[in-house]
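This document starts with one chain, in the form predicted on its own, laid out as structure tokens.
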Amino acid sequence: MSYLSKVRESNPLVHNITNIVVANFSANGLLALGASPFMADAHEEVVDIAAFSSAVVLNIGTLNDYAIQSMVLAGQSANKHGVPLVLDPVGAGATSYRTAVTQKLVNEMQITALRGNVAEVANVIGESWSIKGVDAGEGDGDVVVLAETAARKLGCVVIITGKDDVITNGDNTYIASNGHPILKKVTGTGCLLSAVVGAFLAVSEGASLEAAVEALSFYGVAAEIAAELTTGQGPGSFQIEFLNQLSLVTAETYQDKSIIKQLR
């Protein structure tokens, strides 16, 4: 059974501590996929919620001291209870504060998967790569080598998204080539992807790399179909249709359209 089918069959509870820009979109995307979103950041309850969740997703898009402490509490609870933990280091490298917070999080908990653009991932591990706001700038490094280095250093699956997505655990590396440029025209598609990765990890039974690869490819296939169905209609129509396709794309459709290459 595909991980997609397992998500829809088991309806995993995905606890999100995320940013104010994307909370609604992330929740609706998870519901469309077949997962159950829980959006909560109160210190008084995040430990308990993380403990009974199927996955925890931390997103640093809108930072403040309260949110950081919520993430630490939830992340450490997830670790204690064996719950998969995803970190989306939004804008790491854009400011020294944001970079320091991200590094604090990876030092104080064990991440299952790190998902970001190339500049964000580079800055998490102290490498140099330019960034503009929350978007990766130009760089001349090897993205695959960077991803593998980060995975080994952090002891987790690392996902670097771009025109082609790199997914690696440091030993085995895949390239997923599905997707569509219009994703960049809708705020929160990367953040939702991190939440979807969490849902797939929730049903992975320890096969984190394989589940993450399927999550990336499935997400890209849904975007391709949505873009085709809304050609010429703009990002608003695409956004709605993309939510539809997260619900409608079957395991058979995904497998037929998936473009995945294993490098090693």
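In case it trips you up, residue 1 is the first one in the sequence shown, and so on. Quick caveat: nothing in here was measured; it's all calculated off a predicted structure.
Keep in mind the form predicted together with a further copy of the same chain is missing from the figure; the text below concerns it.
With the partner omitted here, the stretch from 154 to 162, 108 to 116, 79 to 87, 186 to 194 that lies within 4.5 Å of a further copy of the same chain by heavy atoms in the model of the complex is 186 to 194. Although the partner is absent here, S208 sits far enough away that none of its heavy atoms falls within 4.5 Å of a further copy of the same chain in the model of the complex.
Within this chain, N19 lines the site of a further copy of the same chain in the model of the complex, having a heavy atom no more than 4.5 Å away. Though the partner is left out of this view, R98 does reach within 4.5 Å of a further copy of the same chain in the model of the complex, counting heavy atoms only. Residue contact with a further copy of the same chain in the model of the complex: V249 places no heavy atom within 4.5 Å of it.
Proximity of F25, L31 and Q233 to a further copy of the same chain in the model of the complex is complete: all three residues have a non-hydrogen atom within 4.5 angstroms. Residues of 59 to 75 lying near a further copy of the same chain in the model of the complex, listed in sequence order, are G61, T62, L63, N64, D65, Y66, the criterion being any heavy atom within 4.5 Å.
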